[in-house]
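Just the one chain here, the form predicted on its own, laid out as structure tokens.
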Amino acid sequence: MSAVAISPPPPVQAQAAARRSAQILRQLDDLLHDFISKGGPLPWEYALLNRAIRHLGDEVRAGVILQTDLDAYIDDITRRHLPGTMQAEALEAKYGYSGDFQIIDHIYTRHTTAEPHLRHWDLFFHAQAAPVAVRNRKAYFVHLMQEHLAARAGRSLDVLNVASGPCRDLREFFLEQPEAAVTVDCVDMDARAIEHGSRLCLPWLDRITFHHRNILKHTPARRYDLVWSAGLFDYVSDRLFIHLLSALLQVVKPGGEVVVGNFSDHNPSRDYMEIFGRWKLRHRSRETLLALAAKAGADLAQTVVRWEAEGVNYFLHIRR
């Protein structure tokens, strides 16, 4: 009579899973404490740490690690050993979510803690693909503005900046072209972001108007040559994506353009963001972005997906 494999009863399976989860977390703890004792990872050690993080992500997706155990561990080690770092800031979600205007501005400026023994952790954070892509996004906006201005041959450019955040991208554009014939409406639902952006862009408030509004409930009073939204669409469902994009297409002038950013499905730092910062975005492929654009009423013959140099942040361009 052949032997028949019998699965262990659920309690035994649960105990085995708990032991495996604890073992992986001990290994992670040993690795992180080794880096902590040395003052953080150095550039030639980034690959080792990133491989460990990706392995951790695989174990989470496979259900090997208990999410509650992992969350408790990350909270504890960040609180005890990494206070004031970019990782701690993302995890804290001070203004309600990990990608608030302050952390985006800290990414733009490569902010590092004043504590020497923690600085290498911030340098590791800023070297990740996602923060690099966010900084590239700022440069992408400045170049896009310059392209639109050049194409208008001296005519003024009317811009709608949706979920405008810290507005450092807008500041850098005006620093490069302080006399540019540009008017910008910035819309953001966070009053603190409005205040921050107003301070950064103080010299150009004759051409920039800030609106403290939820864009889902805000109907602009005029139409625009360029509608730009850098990071809002990373957080919305497909249904809201279609609804919001359709609304934005209604306020762009004939011949104008709507450009929205969205993190791509190729993000090597996704596990680091989600596990160590609980920074969860809706990553989308090029095909998905084009399909959503079509459902929002875009003419696909006038629609293209581009990306910044890192290939992590996509930009959906729609001409009207």
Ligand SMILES: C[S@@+](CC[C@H](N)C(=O)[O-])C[C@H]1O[C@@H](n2cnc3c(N)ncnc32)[C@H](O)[C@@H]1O
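Keep in mind that this is a model prediction, so the values were computed, not measured. For every residue, the number given is its place in the sequence shown, counted from 1.
Below, we turn to the form predicted together with the ligand, even though it does not appear here.
Selected contact from Met189, Ala247, Ala127, Val142, since only one has a non-hydrogen atom within 4.5 angstroms of the ligand in the predicted complex: The residue in contact is Met189.
Would you kindly say which of Leu118, Val159, Ile208, Ala193 lies with a heavy atom within 4.5 Å of the ligand in the predicted complex? Filtering the options by heavy-atom distance leaves Ala193.
Thinking of the ligand in the predicted complex, which stretch from 74-82, 149-157, 199-207, 91-99 has heavy atoms inside 4.5 Å of it? Contact-bearing stretch, as computed: 91-99.
Verify the contact flag for Tyr224: yes if a non-hydrogen atom of it lies within 4.5 Å of a non-hydrogen atom of the ligand in the predicted complex, no if not. Flag for Tyr224 set to no.
Hey, in the predicted complex, does Asp185 get a heavy atom within 4.5 angstroms of the ligand? Asp185: no contact with the ligand in the predicted complex.
Considering only heavy atoms, tell me if Arg137 and the ligand come within 4.5 Å of each other in the predicted complex. Yes, contact at 4.5 Å.
Though only this chain appears here, would Tyr108 touch the ligand in the predicted complex if you measure heavy atom gaps against 4.5 Å? Yes, Tyr108 sits close enough to the ligand in the predicted complex that at least one of its heavy atoms falls within 4.5 Å.
Residues of stretch 216-252 in contact with the ligand in the predicted complex (4.5 Å, non-hydrogen atom): Residues within 4.5 Å: Leu216, Ala230, Gly231, Leu232, Tyr235.
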